[in-house]
Each structure stands twice: as C-alpha cells, then as structure tokens.
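We begin with a single chain expressed as structure tokens, specifically the form predicted alone.
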Amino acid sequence: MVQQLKPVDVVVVGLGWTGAIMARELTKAGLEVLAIERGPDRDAASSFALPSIRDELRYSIRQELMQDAKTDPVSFRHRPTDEALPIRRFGAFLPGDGVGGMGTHWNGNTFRFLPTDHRLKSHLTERYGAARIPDYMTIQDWDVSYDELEPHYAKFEAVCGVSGKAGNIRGAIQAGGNPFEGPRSGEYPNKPLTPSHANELFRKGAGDLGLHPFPAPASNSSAPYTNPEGAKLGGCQYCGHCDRFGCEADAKATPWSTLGPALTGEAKFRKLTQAYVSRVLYDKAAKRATGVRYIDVRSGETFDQPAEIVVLATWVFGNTRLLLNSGIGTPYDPKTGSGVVGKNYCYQIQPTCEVFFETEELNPFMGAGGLGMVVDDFNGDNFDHSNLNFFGGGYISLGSTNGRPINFRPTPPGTPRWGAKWKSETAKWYRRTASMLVEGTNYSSRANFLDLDPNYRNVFGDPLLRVTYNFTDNDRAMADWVLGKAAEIGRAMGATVVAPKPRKGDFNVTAYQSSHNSGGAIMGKSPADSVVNRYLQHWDAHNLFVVGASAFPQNAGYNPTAAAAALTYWAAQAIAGAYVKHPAPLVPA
C-alpha cells in the first residue's frame, strides 16, 4: 500500500552537487525543501577518517562509493540493432551513490566551458557553413550564453575554493593562465596547487612548442579556505587519493563539505536517505508534477511525497529514466528523429599518451585530484578546422594524481604482460612515468541515445535505462589528431619513450575513462528540440525542473561539473526570483 505524506514546498531528488546547490538556494529563498537520496548518509568526519580511507582495494577497486550495479544497473549496446545487456560492474563510468553523489569521489577538476561551447551549432555554421556539419551530428545551441552563466561559474568556484590562475579577466589576457577561456569577472579564490616535477616538464615542453600551458583549475584547496557559506576547507596534503575516495582533510570540495554545514543548520531543510525514487507523480491534464513516489530501501515501504515544485538532480541516467518511467515528454526515436527524452546522449573520447624518462624521478604517489598542467590550444574551436575532417578537440593535460600501487603499473610498449620481465620493468618505470590525457569533445549523434530496456528490470521492478552509444567518425578523427599533438609535447619534454594510446574499435564499457556523461534531458529553444527550456524547466510541467549535465545538448572537451553547477545556480535563481512569485512557464512554448 502506498502511504501518503504531508506536502512540502520543494522535493529535490538526488543530493550530489546539483541537488545540494538547489536545496541551499531554495531554502535561502524561504522554501521548505526535502532532499531524497537513494544511497546512505555520509560525511568526512565519520566516513572518511584515516587510515581506512587510504584503502585502494576497498574504494578504488571494489567501488565502495559507487552505485551498486548488482541491484540497479543500466544496460548497454553499441548500435540500435544490437541486443543490450546489463552492466553488472561499472567500468567506463562510475555513478556515485549516497549523500554527495559523484561529487564525493570526483577528482576536483573545475573547468569552465568555452563561450563557443554554449552556442556550438550557430558558431560552426557561421564560421564554416551549415554544409560542413555532418548529417548524423545533432548538435544545437544551449540557449544560455557564457556571459549569462559567468556569475554562476564564479559563484561555484568561490564555494569550492578553486585553486588556479585566471587567463582572461574582463577581456584582459593574463600571463600564466588559459588565454582561450571566456572573460572572467575575477581571479580564482585560491592560488594554483604546487606543481609536480612532471607538471614542470610538461610546462617547459609545451612552452618550447609555442603553446600556452597553465595550471589546471582544481577544487583541491591549495591553502586553508573559508567559503562564502561559512564552510572551512583544509589545505591539500597531496596524498594522491582523490578520484574514487573521500577526503579526510576536506581539502577536496564536495557537496557536503561546502554546502552541508549551512544546510544542516537550516530549519527548512530535511534530507531523506536510502530512499529510491521510482517516478514523478504527474498530472498530464494540468501539465504539473504533483510530487514523487519513493521506496524505503530498508523496509520496502512505498510513499507518495506531494510537492509544489519537483527538482530532478540525479545525474544523467537517473534524470532520464525518471522522465521515461513517469511518462513525461515524448521518448526519442532515432529512426525518425522525433521525440526528445533520451536524445543527444554523449560521453567523451579520451586517448592517453604515456611518457617514460630514464633520468627523471617523478614520484607519482604524490599528487592531488586536479593537480596538472594543461594546454587548451587544441580544444573546441580554438584552432582552424577549415582543412580538417572533424570538428571539436580537447585539452591536453599532464596530471599528477592517483599513482596508487594497484592501478598504476605503466610499462613501455613491448613489455611482456606477466613474468619476471614485467616485474623488473614495472619496478624500473613506476617512478619515471607520467601520463598525458586528451579530454576530447563528444558532439551528439543521431544514433547515440537513452531509452528504457524492454527486457531487463532492476531490483525495484523498474525497467533498466538502456544506453546506446559508440564513437563516431568525427570522434575518432579528432582524437587521433589531438593525440598526435600530445605526442609532440612528449617528445619536447625529452621523454625516453613516448607511447600514444589511441582509442580503437568500439567504445569499451569495461575500462574506466571518465564519468563525464551528458544529455538525455537537453535544453533548447522549443519543445520540438528539447526537454527543458533555458531555465531547465520542463516544457510539459512548469513546476518540474531537471538539472545537471543531462541538459547539455552535446559534451565539451572539459570536465563538466562546473558547467552543470553554474546551470543549477542559474535555474535556482530563476525559481527563487521569478517562478515562486508567478508559477507558470518561464519561457513560452
């Protein structure tokens, strides 16, 4: 039997970055907010204490902080004609679980998207002509400009205490920063992290080639810091345990370390954990969401939670599945191109290039999640594509992070994969190896999308979300070209061995690449081309807001967290400043 609960002003589904931001902003506006989180409650003091948090086997290999694929997987296939199968162990991407979500186990890379990323289709059409855009490529503009989001990017950076060096302040290029970034209103809150020796080799090599290296912007605080919400962050210890781990020093900004203290002291905020939301309750005739239905995962009891405003903040897969399960909006059909829910699912393509040095000691066990040196010369449309057979690009970085003993065992090409020679080569090169990453764009394709699996269900009885995805010709051509540039940097660094590792064959769902998924509930100018409008308000239910990277029409060549967070601040401002006064569509359909 479904039990009815008392109504609340706002129910937020998911308590990662976007859920925590929305909860904080709407309680500031005087609204009563209930946040519902599928996983357990967590905080640094009780969950991430030393020495247990340094357990690589528990957290990295056995995925302690990730969604349990045994009870709630997704299914996957490369092509619409393939049969999808459930992913029983997450590999390529790692959905988070529990309070903080993926924001708890992220590395902390905090890039802004380029201004051209916000109006991609218009920009490429203006510069190269519409005929240059491949027929299969379904890119579109965001309908929110970089300039509109700039204050919200800055707000998120202040909350996280981002360490970095600005490259463009109000149009003035700054030495040592990224000259390709959009104009910023000010410098980063913290100075850059202390570069590693490998970072400095990269800086010199890239500089010798005439490129523009700069320190990666990182939500790993380079010094003790108090954010505008009053939360205190510690200085980074360079322990090398960020990605897949919590941070005992609160030096890595997470949703709960930065916003949790303020939310905990807020009388209008409540959080409910270990509660699986199965659907949004929807009055189709009135075009309104009336609340959500959830299952207490400990007791199995089912509840209906009424609310005046519903916010979906459950990452790309959760947001899309809830819309499809709830029958809100028209599912995307790749054959006809009609429908929008599930459309433009994107990932990223990330080839790497390892560099081995006979004479350099690089000590990879010391690092921080966002510690790195970067060039942005080959990202987005920062270079001329007139004579190239692709669009897009990616930043090239050399990160000093996560050189832990189980997962980090680099050896040069030609080394046996087992035996005495492998052991001796592993011992020889461990301290003398670094890896460069190409963070490649992924422009949306007609054949990549999300829908409900007709054959498989999760432990709660709901259909699995089915992911149909593969790299496109554009992805492969772009990645190979930018990887060649990374190899040039490696040679300029003076490496003994430069070993580029291109992405070949079908997308590999078992090997970790990143959790930079996007799309499925994209934003746009009309209900015909999008699920939500520019304020992330659903076209078919004006009191339903769908926040996060699910709104991106395509994926840029950057880590997406800052863009998703800035969009959430933008949407929260619209709800608090306009919607609650006049509950109605904020943009005419």
Partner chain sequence: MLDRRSFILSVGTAALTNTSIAEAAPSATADTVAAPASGAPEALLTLTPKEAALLTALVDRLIPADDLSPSASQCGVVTYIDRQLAGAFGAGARLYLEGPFRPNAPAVFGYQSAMTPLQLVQAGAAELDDWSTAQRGKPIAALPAAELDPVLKDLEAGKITLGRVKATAFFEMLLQLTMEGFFADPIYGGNRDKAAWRMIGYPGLPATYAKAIRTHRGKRYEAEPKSIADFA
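The structure displayed is predicted, hence computed values, not measured ones. Residue numbers count along the first chain shown, from 1.
Missing here is the form predicted in complex with the partner chain; even so, the following discussion is about that form.
State yes or no: in the predicted bound form, is some non-hydrogen atom of Thr510 no more than 4.5 angstroms from a non-hydrogen atom of the partner chain?
Flag for Thr510 set to yes.
Heavy atoms within 4.5 Å of the partner chain in the predicted bound form: does Leu31 have any?
No.
Taking 4.5 angstroms as the cut-off for heavy atoms, does Thr314 touch the partner chain in the predicted bound form?
Heavy-atom contact with the partner chain at 4.5 Å: absent for Thr314.
When the contact criterion is heavy atoms within 4.5 Å, does Glu361 count as touching the partner chain in the predicted bound form?
Glu361 belongs to the contact set for the partner chain.
So which of Arg127, Arg132, Lys191, Arg89 gets a non-hydrogen atom within 4.5 Å of the partner chain in the predicted bound form?
By the 4.5 Å heavy-atom cutoff, the listed residue in contact is Arg89.
Option touching the partner chain, based on a heavy atom within 4.5 Å in the predicted bound form, out of Ile406, Ala172, Ala267, Ala175
That would be Ile406.
Check for me whether the partner chain, as it appears in the predicted bound form, comes within 4.5 angstroms of all of Arg58, Lys70 and Ser196 - heavy atoms only.
Every residue of the spot touches the partner chain in the predicted bound form.
Picking from 413-421, 490-498, 175-183, 292-300, which part of the chain touches the partner chain in the predicted bound form when contact means heavy atoms within 4.5 Å?
Among the listed stretches, the partner-contacting one is 413-421.
For 349-379: residues with a non-hydrogen atom within 4.5 angstroms of the partner chain in the predicted bound form?
Contacts from 349-379: Glu361, Asn363, Phe365, Met366, Leu371.
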